[in-house]
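Here we start with a single chain on its own, the form predicted on its own, put down as C-alpha cells.
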Amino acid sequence: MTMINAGDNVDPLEVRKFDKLASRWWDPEGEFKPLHRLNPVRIGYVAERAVIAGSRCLDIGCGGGLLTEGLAQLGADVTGIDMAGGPLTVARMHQEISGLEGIRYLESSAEQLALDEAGLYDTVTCMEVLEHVPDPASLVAACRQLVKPGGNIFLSTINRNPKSFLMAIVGAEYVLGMLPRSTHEYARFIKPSELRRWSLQAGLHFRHLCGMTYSPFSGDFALSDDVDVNYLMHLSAPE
C-alpha cells in the first residue's frame, strides 16, 4: 500500500490562483461556469453509485462548495476541505445563504486530515483536484486512508493526450474563454492508467470509469464512454 506524506501536498501558486477568483465562485456565468455545468453530472454519478442520504461524506478540494452543497442537499453530513482560504470563506458565506445544515468546512490537506480522521467517511470525493497538486499519488493514498472499509471514492481529472491539450487548454482557455488562461498545466494531466495504478498501489478496488463530454451547442456536460478529456473514476476500499 502506498504511504502518504503527512506534509502539505499543495502548490502555493495554485492556491493563490484560486484565492484570487474566490469571490466569483458562485457566479454561474463567471470563471467557474464549467464547474457549474459539470456539477449536476458529478453529483448524479456519485448518487447513482453510492448511498448518500444519511452518510458521512468528504469533499476534498471543495473550493467554494459547489459539490459540497450538492451532497448536503442529498442528505449527507459533509466535510469540505481546501487549502485556499478565500474559496473556503466564500463557501461558508454561501452556506449561510443556502441555509444548508450538516456542512463543515476546514482549511486542511487530505494528508493532514487523514492523521486525525482516518476511516471516518462513507464516501470521499476529489473532483478536479488531482491535476493541481504536486503529488497526486499521495492524494489518492490519503483518500484511501480517510474512507471507511467498503466505502466509496470518486475521482475526476483530465486525461493527458493531444486531444485533451486542444480541448481543455487551447479550446477552453484561449478560444472559448471558458476558463482563465493558465488554469491548467498540460504536464499535470493524468492518464486513467496512471490513476488506476496509484489506486491499486493504495489498496483500492477499481469499480468504474467514464468520461464527461462537453457539447458546444448546448453548453452542457454529459456522461459518456469517451475518456479522452474529462473523466470520472469510481473506486472502493476493501471491506
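So that there is no doubt, residue numbering starts at 1 and follows the sequence shown. This is a predicted model, so every value here is computed, not measured.
Absent from the display: the form predicted together with a small molecule. The rest refers to it.
S.K.: Does every residue of Leu100, Tyr105 and Lys148 put a non-hydrogen atom within 4.5 angstroms of the small molecule in the model of the complex?
M.R.: No: none of Leu100, Tyr105 and Lys148 comes within 4.5 Å of the small molecule in the model of the complex.
S.K.: Give a yes/no on whether Asp122 approaches the small molecule to within 4.5 Å in the model of the complex, heavy atoms considered.
M.R.: Asp122 lies outside the contact set for the small molecule.
S.K.: Examine Ala141 and determine whether its closest non-hydrogen atom to the small molecule in the model of the complex is within 4.5 angstroms.
M.R.: No, Ala141 is distant from the partner.
S.K.: Does any part of Val10 reach within 4.5 Å of the small molecule in the model of the complex? Heavy atoms only, please.
M.R.: Result yes; Val10 sits at the interface with the small molecule in the model of the complex.
S.K.: Verify the contact flag for Glu117: yes if a non-hydrogen atom of it lies within 4.5 Å of a non-hydrogen atom of the small molecule in the model of the complex, no if not.
M.R.: Taking the distances in the model of the complex, the answer for Glu117 is no, it never comes within 4.5 Å of the small molecule.
S.K.: Which single stretch, out of 89-97, 72-80, 128-136, 159-167, brings residue heavy atoms within 4.5 Å of the small molecule in the model of the complex?
M.R.: Selected stretch: 128-136.
S.K.: Since exactly one of Leu66, Ala202, Cys57, Val46 fits, which has a heavy atom within 4.5 Å of the small molecule in the model of the complex?
M.R.: The option sitting close enough to the partner is Leu66.
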